[in-house]
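First, one chain by itself: the form predicted alone, in structure tokens.
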């Protein structure tokens, strides 16, 4: 498969030349001069509409970006991802998270059958479930539980080695009616195991484990041990037993709806042509903004309190995946890779940092996500996107009241916050991350950058004893 540097492709050079023609083009004129722009620069996937008409691009830009993907071997890499080939080359592993929701894997189906039996029993037996995990073993399940809990079971999370985190998760709980789910692939993760031991010291009696280290988990006293597989990275694993706590919060039938939503986006990503392929377009427009228009940061703004944790989840998904400085051949890259990803729920964000988005000295591309929850939320979402794009050129206003505009954004439209739409949303961003990794020739599925600090912390602790 193609592991050459992207800057050597003709499409990259063509895009660099093409970008020069956009330096003095303003979205205000583009949108005023083309009433069909909102229809031309929009496409659909199951259950959603993607509107990128407020991006600083034209039809030729999209064609050149599609050509770049083709020249980077996108189709071959995509097939490798879905067929379980070792696309994680530094660890010689697959990154087969799509298999978790495909319905094709016997071992996955067996695990889902166990979850189908366990979840109703847990919801009937316990009053509190506490998920003990960190990183990918925490952020995805936490997002789902926060967004989709039906309120029948109190599900909480502890990820920090700071004892206060577990203390908050246990507030008001009783050992006899509390189930701990310890989620760690190795069953040695420092933060997770420290919290597991503290849970035992608190009086915890009931432990389940989700791990690849069955022997260690059984030795710890886990009553049930569900598997994790080395062909799925932690930040892509919410679709598996790693999502057990979320399934307990929402009910297993709704968890299956979540899987179905992800499966629909997988089919779209596999079948749609690049210029109609929502996650591929999200990725390529991100490349355009980052590598050719000079943006170094990207903000995500979900207009839903239920989905307030999405930016935190995406910080790990995107930055741990694509925050890399060497390519698949071990060469240090000479181009930008992942921008800094951040965000907050709207409309709260409008009273926090939108000042910088509208009038700051740096341009921050944005993803607005509207779920159609109320006229007020949708109006604010679209108003912010339009204000960023159009600004105001009223010279009668004093300088401090002028908005430069010309700040790019896209809008994702969903019809409600529900399990299927959350599955669709998360799968979109997973495939965006993968596509950008293909373009940048980096491995999106390892995370060696987190290891040095962990080892140094261990060394410091050893020296302190």
Ligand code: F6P
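Numbering follows the first chain given and starts at 1. From a predicted model like this one, the values you see are computed outputs, not experimental measurements.
The protein also exists as the form predicted in complex with 6-O-phosphono-beta-D-fructofuranose; that form is not presented, and the subsequent description refers to it.
S.K.: So, a 4.5 angstroms cut-off on heavy atom distances: do all three of 136, 184 and 316 pass it with respect to 6-O-phosphono-beta-D-fructofuranose in the model of the complex?
M.R.: Heavy-atom distance to 6-O-phosphono-beta-D-fructofuranose in the model of the complex: all three under 4.5 Å.
S.K.: Can you pick the stretch from 369-377, 339-347, 231-239, 260-268 whose heavy atoms fall within 4.5 Å of 6-O-phosphono-beta-D-fructofuranose in the model of the complex?
M.R.: This holds for exactly one stretch, 231-239.
S.K.: Give me the residue from 320, 216, 146, 224 that has a heavy atom within 4.5 Å of 6-O-phosphono-beta-D-fructofuranose in the model of the complex.
M.R.: That would be 320.
S.K.: Which one, 277, 289, 189, 178, lies within 4.5 Å of 6-O-phosphono-beta-D-fructofuranose in the model of the complex by heavy atoms?
M.R.: Comparing distances to 6-O-phosphono-beta-D-fructofuranose in the model of the complex, the residue within 4.5 Å is 189.
S.K.: Report whether the minimum heavy atom distance between residue 450 and 6-O-phosphono-beta-D-fructofuranose in the model of the complex is within 4.5 Å.
M.R.: Residue-level check for residue 450: yes, a contact with 6-O-phosphono-beta-D-fructofuranose.
S.K.: Within 4.5 Å, heavy atoms only: does residue 10 come near 6-O-phosphono-beta-D-fructofuranose in the model of the complex?
M.R.: So residue 10 does not count as contacting 6-O-phosphono-beta-D-fructofuranose.
S.K.: Using a 4.5 angstroms cut-off on non-hydrogen atoms, would residue 17 count as touching 6-O-phosphono-beta-D-fructofuranose in the model of the complex?
M.R.: No, residue 17 is distant from the partner.
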